[in-house]
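Just the one chain here, laid out as structure tokens, in the form predicted on its own.
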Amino acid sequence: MTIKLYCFGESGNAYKAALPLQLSGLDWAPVKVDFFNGATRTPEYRAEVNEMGEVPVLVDGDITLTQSGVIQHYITEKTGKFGGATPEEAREVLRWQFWDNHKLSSQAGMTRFLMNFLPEEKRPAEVIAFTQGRLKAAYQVLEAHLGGA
């Protein structure tokens, strides 16, 4: 049975679910959601797909999962890939997933939305500057870790 991933191309969180699906070799297909015309805000979408009104949503038979980190974890459980060979490695993967969801992707997504999807006259310069500062701090943590510092 083909796994379905409700998503849209501009969503970084949907990308975080689609990438491990693609790399895992699992049989999956995107279900494109018309986010910008309000599809996720309809009562039908919330009742039938995701009560939170968000993407991504993974449907694998009787299993429906939301939130990119949970979907990534499910793919790891299902395939044995991407999760670390030992419990310590698995916790390290989870630690960085949680950090990404809280410190990096949330700031990057908000900043990207404010800068690219709002009309220029509605872009809140002070908020953008604040989120860019938070994003810069997150990138510094990531760069230090990847550099071995």
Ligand SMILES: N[C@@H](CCC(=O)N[C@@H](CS)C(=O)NCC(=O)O)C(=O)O
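Quick note: we count residues from 1 along the sequence shown, nothing fancier. The structure presented is a predicted model; accordingly, all values stated were derived computationally and were not measured.
Just so you know, the form predicted in complex with the named molecule exists too; it's not on screen, but the next bit is about it.
Although the partner is absent from this view, E54 contacts the named molecule in the model of the complex, with a non-hydrogen atom inside 4.5 angstroms. The named molecule is not drawn, but in the model of the complex it has a heavy atom within 4.5 Å of F35. Looking at N101, you'd find a heavy atom of it within 4.5 angstroms of the named molecule in the model of the complex. By the criterion of a heavy atom within 4.5 Å, G133 is excluded from the residues contacting the named molecule in the model of the complex. With the partner left out here, the named molecule still marks one of 76 to 84, 24 to 32, 120 to 128, 61 to 69 in the model of the complex; by a 4.5 Å heavy atom cut-off that stretch is 61 to 69.
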